[in-house]
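For reference, the chain that follows is the form predicted alone, supplied as structure tokens.
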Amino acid sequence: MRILTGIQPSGALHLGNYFGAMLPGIQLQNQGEAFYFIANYHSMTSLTDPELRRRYTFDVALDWLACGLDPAKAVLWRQSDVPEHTELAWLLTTITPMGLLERCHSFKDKVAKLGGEVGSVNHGLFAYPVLMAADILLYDSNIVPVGKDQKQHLEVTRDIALKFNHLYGETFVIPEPRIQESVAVVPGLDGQKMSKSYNNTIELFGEEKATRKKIMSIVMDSRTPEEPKPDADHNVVVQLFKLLNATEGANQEALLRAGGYGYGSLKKAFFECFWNYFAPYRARRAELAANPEAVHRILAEGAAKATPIARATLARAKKACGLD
């Protein structure tokens, strides 16, 4: 079984990234061939600062490694170090219907945010599900751990692969999504999906003072500590608490339901839980950051392992459609 996932370096990674892709990927590295890449080509659709892209790319590598990715078990590389990603994307683009991309929720969301002006959306944002399909198909991936919001793009990948196979003969493995329903959508501070674009994230490795302030600033309703909260299971902090510690999260929910327990106490308890959960990862990250040459070496070795597989798949696809 080959597992593949990628994370875009467009800002600091957060709890949504961790529970949606990183933790499932780290758990799966013991169950098959694990291929994990830093999607820096994808970051170009929204990030135009070269130095920030370099920094965020390195930071994503640090975060993956700090949280448990083992280079002895998993291949980690920069997407741009394997140019076959973009070449295969062109082959796939030529058979991808415009309508398929226009129906993608992410594209419609971007258009809505820009006031409904389709012309304001760059081609990369429109076509990135095709590059995502190339990322996945290039490695004969069987399983792709994704959050619920990416499930549609996995379906697009499957549709494109099936169409290519129908037109040119059996060429690509058809991948399956792996979604953990308990973390299908990680809520952000405002109750929407946690996302950098919504500015509602809790960064994995933010500064202590800033992280505490952000958590303590989460807006709640006006009920007093004494009042029971029978809908405590819908509370954003309770939901996040349960992701980090299911038992203590359930206990916090029960305290709110019973009354006599305020939101301030809930948020303080959550901060302590969050800070303690990631404490060993922060220590490991600091060690890695102090030795950047070792991190760059891991990425280079990963690219060297990924490249022969990518080249073989691309050669197979080019031969199938008469480009050899």
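Note that the structure is predicted; figures quoted are calculated from it, not measured. Heads up: residue numbers just count along the shown sequence, starting at 1.
Omitted from view is the form predicted together with a small molecule, to which the following refers.
Contact here is defined as any heavy atom lying within 4.5 Å of the small molecule in the model of the complex, and by that definition not a single one of S80, E84 and A310 is a contact residue. Although the partner is absent from this view, L138 stays clear of the small molecule in the model of the complex, with no non-hydrogen atom inside 4.5 angstroms.
Proximity of Y36 to the small molecule in the model of the complex falls outside the 4.5 Å heavy atom cutoff. In the model of the complex, the small molecule sits within 4.5 Å of a heavy atom belonging to V146.
For the chain shown alone, L204 is not a contact residue for the small molecule in the model of the complex, no non-hydrogen atom being within 4.5 angstroms. Note on the partner interface in the model of the complex: the residue among M132, I160, A74, I215 having a heavy atom within 4.5 angstroms of the small molecule is M132. Here the chain stands by itself, but in the model of the complex one stretch of 288 to 296, 256 to 264, 66 to 74, 38 to 46, 38 to 46, has heavy atoms within 4.5 Å of the small molecule.
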